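Next up: just one chain, as structure tokens, the form predicted alone.
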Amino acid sequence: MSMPFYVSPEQLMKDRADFARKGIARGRSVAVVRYADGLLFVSENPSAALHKVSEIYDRIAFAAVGRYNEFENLRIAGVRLADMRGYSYDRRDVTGRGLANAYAQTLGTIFSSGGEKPYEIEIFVAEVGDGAADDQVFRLTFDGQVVEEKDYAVMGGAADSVTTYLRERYRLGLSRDEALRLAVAALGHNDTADRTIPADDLEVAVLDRTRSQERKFKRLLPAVLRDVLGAAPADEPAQADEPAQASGPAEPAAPTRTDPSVSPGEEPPVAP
């Protein structure tokens, strides 16, 4: 009888954590930046069908990196939980902290279980308050840990270099457009050479506390992004140069004289 293969619990958890980190690092980064009137989410996402940033409830947004099918299942579960809690009790009972705790329990259970692989995702759960001091951003890792972020946060991809860029340039009280330009520049920052991300490859959304309706979530369209970032659409044809105008007034055309003695189709006689 062969002996079963033994792996220590510490090594098993380390292997599962390394597996999840590698999957998350393959994705593109998502940044959340607090500005004067709310919270801004910016991600590089060329796909128009798959969203990394979505609305959960009136004042709550969800952002994720990693495997789409895994974080999409969690997003749908969060929407259902928020709707049920708001319907059963009160809409004010739905909070970002409560959703973050629910996600933490789910992720922690999956990570600790030996029957399935850990989720290769990281999540932001953000709630905009009545004032800047009331804004809350929670970052959840693949193993269920919850970290409350301040002012700005980045996850996925080259998170370290993007975070360093934001740390050196971020300041309180930024406007929405200033925060957007800073976040896009940070996502394009690289240790070797910076790059410019086209507006059509960006997914941007805000939780804007100044909106009059209950729902504070709003997506920014590519046309708005091009206006803020000063980038022209990639497929816009170049305008043709206008024809040069003559320096002086055009001379009138010589009038055509008709000789009644000449039949149609014949050339007039040449004068001697």
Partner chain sequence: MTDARLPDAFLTPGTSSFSDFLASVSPELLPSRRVLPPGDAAALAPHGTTIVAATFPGGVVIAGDRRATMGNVIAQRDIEKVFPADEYSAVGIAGTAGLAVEMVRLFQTELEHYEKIEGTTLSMDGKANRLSALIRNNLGMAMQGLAVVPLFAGYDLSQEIGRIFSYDVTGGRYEETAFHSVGSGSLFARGALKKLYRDDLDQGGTVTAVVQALYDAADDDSATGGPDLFRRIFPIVSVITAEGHTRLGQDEVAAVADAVVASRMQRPDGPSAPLT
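Positions refer to the first chain, counted from 1. This one's a predicted model, so the numbers in the text were calculated from it and none came from an experiment.
From this point on, the text means the form predicted together with the partner chain, which you will not see here.
Participant: Given that the partner is absent here, state which listed stretch (24-32, 208-216, 37-45, 222-230) has heavy atoms within 4.5 Å of the partner chain in the predicted bound form.
Facilitator: After filtering at 4.5 Å, what remains is 208-216.
Participant: Is it the case that R167, R169 and T196 all touch the partner chain in the predicted bound form, with a non-hydrogen atom of each within 4.5 angstroms?
Facilitator: Not one of the three qualifies.
Participant: Does the partner chain come within 4.5 Å of any heavy atom of T192 in the predicted bound form?
Facilitator: The answer is no: T192 has no heavy atom within 4.5 Å of the partner chain.
Participant: Is R139 close to the partner chain in the predicted bound form, meaning a heavy atom pair under 4.5 Å apart or at it?
Facilitator: Judged by the heavy-atom cut-off of 4.5 Å, R139 is well away from the partner chain in the predicted bound form.
Participant: Is there a heavy atom of V146 lying 4.5 Å or less from a heavy atom of the partner chain in the predicted bound form?
Facilitator: Result no; V146 lies far from the partner chain in the predicted bound form.
Participant: Although the partner isn't part of this model, could you tell me whether Y152 comes within 4.5 Å of the partner chain in the predicted bound form, counting any heavy atom of the residue?
Facilitator: The answer is no: Y152 has no heavy atom within 4.5 Å of the partner chain.
Participant: So which of V162, L99, L202, L182 reaches within 4.5 angstroms of the partner chain in the predicted bound form, heavy atom to heavy atom?
Facilitator: Here the answer is residue option L99.
Participant: Can you name the residues of 97-111 that have a non-hydrogen atom within 4.5 angstroms of the partner chain in the predicted bound form?
Facilitator: The stretch 97-111, when checked against the partner chain in the predicted bound form, contributes G98, L99, A102, Y103, Q105, T106, T109, I110 at the 4.5 Å heavy-atom cut-off.
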